[in-house]
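Take a look at this single chain in structure tokens; it is the form predicted on its own.
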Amino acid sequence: MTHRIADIAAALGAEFAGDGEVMVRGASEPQQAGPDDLALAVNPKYADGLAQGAAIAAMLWPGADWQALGMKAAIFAPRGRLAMAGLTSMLDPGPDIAPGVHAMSVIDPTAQIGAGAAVGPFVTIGAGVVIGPNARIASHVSIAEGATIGPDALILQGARIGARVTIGARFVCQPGAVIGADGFSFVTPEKSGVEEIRETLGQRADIRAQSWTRIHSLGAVTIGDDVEIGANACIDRGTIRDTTIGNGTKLDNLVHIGHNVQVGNDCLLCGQVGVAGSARIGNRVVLAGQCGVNDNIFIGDDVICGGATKVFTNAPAGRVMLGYPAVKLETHVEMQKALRRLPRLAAKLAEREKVIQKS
């Protein structure tokens, strides 16, 4: 499919210059662009790449001299990445899932499949499941009994949706994600070593054999509207109440959300984030890659945690945090500066010890 430059600009709410009738089939980095590509050079630092490629149309920064750059047409993007979001949405054909239910899928007779839904091959849909209108479900997905999927959902290959899970509208689920597995919850008949250490902060009366008894998960998972779940992410069901994910929240690949966790609206949880059971996360929280959140704590609205931050205690709203354990960003920077000074301080101390010993 081809698109006119004028149509792309109109769809993005952006200005264009030059020949609006120029047609493009796709987008490309400037140095790799062909004559049918829209070269993406939304920052002046990418300008040199245009001369290396063969594009005749480009998405440029405001005020760029598009003619001097050799373009026949240009779209101007005041906020480049936001324009790219709209452009990639236009150019993405999406998965090839035929309308209707594939003959090689197994659908329980009590399941309800909404109008316009597309269900690929080898999909299993259990008893009482409700699939909303225009949902698309790719191959090898399983949806367990009693689950509800909202309209316009896209669930990609091999995802697993557990029993009684409730998911809102416009849900996107990447391959291999598991939503609604049992929580990791076990107890010992007597006080465990872990409980003892939590109370004493390290002291143990004695070490003895212990066995673990499983606590079953009676809750489920509730997910709001416009949520996206990354590949191989795992969201555990709650023990009694549901684990919840708020509207607009995005989870990256390999994110793990433990049982009973509550995640607010419009949060961004990046790759390999782990949130332990019963933690509560406010709205618009950003957890960068490999962040860890302790169980039974609260992270306030608008908190931002840098990569690999480990949060062990409550975090007030708006705080920017970094480190292990998590501290304010500015405190972490000062601590790192002090650590870098330690070798020099140790060398100075050793010299002074020698002087003292000789005196």
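Note that residue numbering begins at 1 and tracks the sequence as displayed. Worth saying up front: this structure is predicted, and the values here are computed from it rather than measured.
Another form exists, predicted together with another copy of the chain; not displayed. Remarks below refer to it.
Asker: Quick one: of N134, T148, T244, Q174, which gets a non-hydrogen atom within 4.5 angstroms of another copy of the chain in the predicted bound form?
Answerer: Of the candidates N134, T148, T244, Q174, Q174 is the one lying within 4.5 Å of another copy of the chain in the predicted bound form.
Asker: Are any of the heavy atoms in V255 no more than 4.5 Å from a heavy atom of another copy of the chain in the predicted bound form?
Answerer: V255: yes, in contact with another copy of the chain in the predicted bound form.
Asker: Would A54 show up as a contact with another copy of the chain in the predicted bound form if we use heavy atoms at 4.5 Å?
Answerer: So A54 does not count as contacting another copy of the chain.
Asker: If we define contact as a non-hydrogen atom of the residue within 4.5 angstroms of the partner, is D182 a contact of another copy of the chain in the predicted bound form?
Answerer: Judged by the heavy-atom cut-off of 4.5 Å, D182 is in contact with another copy of the chain in the predicted bound form.
Asker: With a cut-off of 4.5 Å between heavy atoms, is E330 one of the residues that contacts another copy of the chain in the predicted bound form?
Answerer: E330: contacts another copy of the chain in the predicted bound form.
Asker: Judged by heavy atom distances of 4.5 Å or less, which residues of 147 to 180 approach another copy of the chain in the predicted bound form?
Answerer: Heavy-atom contacts to another copy of the chain in the predicted bound form: L156, Q157, G158, R160, R164, V172, Q174, P175, G176, V178.
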